[in-house]
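A single chain, nothing else alongside it, follows as structure tokens in the form predicted on its own.
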Amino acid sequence: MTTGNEHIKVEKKKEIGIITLNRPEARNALNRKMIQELGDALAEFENDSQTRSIIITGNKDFCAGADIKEMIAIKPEEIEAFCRWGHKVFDQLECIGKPVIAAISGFALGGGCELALACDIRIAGESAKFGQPEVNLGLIPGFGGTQRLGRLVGVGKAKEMIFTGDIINAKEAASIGLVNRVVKDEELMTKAEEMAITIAQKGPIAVKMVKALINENQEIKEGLEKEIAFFAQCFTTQDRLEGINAFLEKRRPKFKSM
């Protein structure tokens, strides 16, 4: 399978493809290189007729969000292209013709939560924590969270999570439908692989059709386009600079609605 990856590991176990985010020193924060490698790995599995189901997981943490240190260096006029690129790969993940299971332990925040949302099924270890804390940086979710979260947990709960930026544990995530099930951390990959094997044994054409039909009913594309535009608009504000600087300086931000 894929070789030469810097930030992910790609492997196959018979009919299962496994992608492991592998920047543990950064809690698997998403940077441009990782997003590119993720898209390449998905394309490879899409074209591999032997792969029937896919698991995405992380080394220690699932994914703590976008790489803030990289984001602060992106110019406002470049941010829409960056956001659109992330959307392209997450859309690729959502629409790939094979079921994708997210096996989540540790942090799944911001872009990491959005990555899990783009998967078909989410299995959480007991250590998993979920949230969309972008408002703490003067930003909004930029990789599909404003659209996919509400479709999964309901509009009211999605607004609460995004407005407050609160982080919830695996038990609460299961109670609101954000994850399908919670298992012990040490059993996470075993349970994910068991489900992936079960799905892999079903009719691949039928499974592909079911996924396409369910996704088609979501009517999400217009909302995702607006999210890209609004996310880019956030990068023209002073609040965004204040929020990110406060995060890096480990202090409370002082937003001025500018």
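Note that the structure is predicted; figures quoted are calculated from it, not measured. Start at 1 with the first residue shown and count on from there.
Another form, the form predicted together with a small molecule, is not on view; read the next lines as being about it.
Interface membership of residue 25, the small molecule in the predicted bound form, 4.5 Å heavy atom rule: Heavy-atom contact with the small molecule at 4.5 Å: present for residue 25.
Non-hydrogen atom contact residue 83 with the small molecule in the predicted bound form at 4.5 angstroms: Output for residue 83 is yes: heavy atoms within 4.5 Å of the small molecule.
Contact test in the predicted bound form: residue 99 vs the small molecule, heavy atoms, 4.5 Å: Heavy-atom contact with the small molecule at 4.5 Å: absent for residue 99.
Exercise: residue 45 in contact with the small molecule in the predicted bound form, heavy atom 4.5 Å: No.
Site check 107, 133 and 231: each within 4.5 Å of the small molecule in the predicted bound form by heavy atom: Yes, the whole candidate spot contacts the small molecule.
Contact residue in the predicted bound form, chosen from 161, 178, 137, 103 - any heavy atom within 4.5 Å of the small molecule: Exactly one residue meets the criterion: 137.
Listed residue that, although the small molecule is not shown, lies within 4.5 Å of it in the predicted bound form (heavy atoms), from 192, 54, 29, 38: If I apply the 4.5 Å criterion carefully, the residue I get is 29.
Candidate stretches 63 to 71, 45 to 53, 197 to 205, 218 to 226 - the one whose heavy atoms come within 4.5 Å of the small molecule in the predicted bound form: Answer to the contact question: 63 to 71.
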